[in-house]
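Let's start with one chain on its own, the form predicted alone, as structure tokens.
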């Protein structure tokens, strides 16, 4: 029995048949005839010097040797597929796949993407909204924008501005609750998506920054930040809003931020990509646009007092 590897086409035929446990379905996947697939597997068995399948009446099953080979064959072809896709991505300077959380996508990214598309018509941008942590080498994603404290080992990580929160509400509600003391009686909205922050960035913390005691009572809880802000826009209550989630609604007058005091967390958004990819033209262009867009509205909060929660 030779240690020389058998032909790749024969291993590919075996892998498909082992996954489907059917020569017919494997042949269909590989777009070959069942006879051609059977020939490839037979040649592989001859190369090994032992059968890999037991041919039953209307089915096949793996022999002990086939069971030993199948996991490695599947892993090997999966690794080859990933490597091939990565090689193609290195040569691709026009496609860009970005993943970001649903709230940031809805409230900050999507309303601004027209400007990026207009400035870079050569880039085919694909935006995927989701919170699942992506493997940038395996999942075909070029850029991830993530919020939190972050353990960005192995990635190029560009932190955005510090993140802070301040109460926002409709102008009508602002007239009804004109002071922090009065705000304690207002219907409050709770954004549970930031409950992981430590120290906490919540209503008791904000009131403490104002020098006021506050014990949370009943209110509406949302698991997504954009849903909490959308509810505030309808006048349901007052939300403790994060800067990128409230900026568009404040600029367009649906919400106001009347108290000029915000609490700042050490968690922040980070622009993430593979170290070897950070200078690819489409990634560099998107990174420069992303941070330039943040700076465009930074001046809006110059009159705010921003207090780090770690100091409270």
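Residue numbers count along the first chain shown, from 1. Rigid core here is just the name for the largest C-alpha set that superposes within 1.5 Å across the two forms. As the structure is a computational prediction, the values presented were derived from the model and not from experiment.
Another form exists, predicted in complex with the DNA; not displayed. Remarks below refer to it.
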| property | result |
| --- | --- |
| Option from 62-70, 22-30, 268-276, 250-258 whose residues, in the predicted complex, bring a heavy atom within 4.5 Å of the DNA | 22-30 |
| Residue 282: touches the DNA in the predicted complex, heavy atom cutoff 4.5 angstroms | no |
| Contact of residue 9 with the DNA in the predicted complex (heavy atom, 4.5 Å) | yes |
| 4.5 Å heavy atom contact, residue 51 and the DNA in the predicted complex | no |
| Contact set, 25-39 vs the DNA in the predicted complex - heavy atom within 4.5 angstroms | 31, 32, 33, 34, 35, 36, 38, 39 |
| Yes/no, residue 286 Cα shift of 2 Å or more between the shown form and the other one with rigid core fixed | no |
| Did residue 25 shift 2 Å or more between the shown form and the other one, C-alpha, core superposed | yes |
| Core fit, then residue 9 C-alpha moves 2 Å or more between the shown form and the other one | yes |
